[in-house]
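Single chain ahead, by itself, as structure tokens, in the form predicted alone.
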């Protein structure tokens, strides 16, 4: 007899955006299906009519597609399958396994929970037992005619041939109810695998500060889908060695549910930033430039109006310094604008010291005469200034860096000035002499 083909599902509720926990569940289902040569179905659990919204359905689908998680069937909408739930609820009533019940909001149907002990072997956690006598009869069809979660998802799993249910461990307590429904309907239950929670860096529940950000927001912050997928894959699973950079193909090859840990994983923003920066550096320049375009345009930059090859030089100079695509403009905005913001602390520390005005005036005069204004010429010019004064280069570099960038930290000073060009560089030195220095002006 041929082995049953794996069929799993990802079944979000469209009451909010797709967050990290849901994205990991979707990813693990997808990896398991692809590793086993099976299929993945997308199911939208929208029976909560007061909170479900179409815009969240769109958000979930777009976020999955951006992460590279595709599905083989669906989306299936529970709200369009009410006749199926009604038919099976009526079957349970007729078989004495469910009954009508008068509830606060009207007449509903309750499932008759068996008193026996039940057990299932969780793929991740091992054997788990429940005493059915401690679980009260529960509603399977509400007074408004809509099924409850436990009934609808169990029926859908049966009807669509789901072989494995891979979901968060907050669903463990739902499992005995779903097993009981399967047994009452006389069908074989799927196998269950419950994923450990993802905790914040502080060890508590995920919060906005510690990872409870939607996938859409991570995209808007400039994280790469490859990096985010790699990162969330390792929140509870490992490929079996010490690798942290794992390609999608390698994940599929190595993924096994038995390798998923039983303990909660901790979200680590620092690690995510580090991983994203590595993925950024590995991108071919053309691809990186393409991905940066939306962020530059959002900041008001018109890339097509920039000198040919200039933007590529800016990217190459700063590639080791930005962690997200959005960081790039924040880090380099002084290169794109005529007016820049000066860090008040940097101004106070480096531009308002005795001797700086005279030094900057000499630098301005020397730079005005430089031919070519390229990195080599600028370095030769400025080193000549400090040698003539008998001072270390740091005495000149820091006030000049603040003058032309507004900050105390930047990429290479000579390369930065070359990218700025003669006019902007001299203009900014003049501005600092007039605005911040105690004496002299140009």
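These numbers were taken from a predicted model, which means no experiment stands behind them. Residue numbers count along the first chain shown, from 1.
The following text describes the form predicted together with a small molecule, which does not appear among the structures shown.
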Could you spot which one of 181, 153, 98, 360 gets a heavy atom to within 4.5 Å of the small molecule in the model of the complex?
153
Here the chain is shown alone; which of 45, 59, 379, 36 has a heavy atom within 4.5 Å of the small molecule in the model of the complex?
45
Taking heavy atoms and a 4.5 Å cut-off, does residue 13 contact the small molecule in the model of the complex?
yes
Using a 4.5 angstroms cut-off on non-hydrogen atoms, would residue 171 count as touching the small molecule in the model of the complex?
yes
At the 4.5 Å heavy atom threshold, is residue 149 in contact with the small molecule in the model of the complex?
yes
Is there any non-hydrogen atom of residue 177 lying within 4.5 Å of the small molecule in the model of the complex?
no
From the candidate stretches 268-276, 288-296, 322-330, 163-171, select the single one in contact with the small molecule in the model of the complex, where contact means a heavy atom within 4.5 Å.
163-171
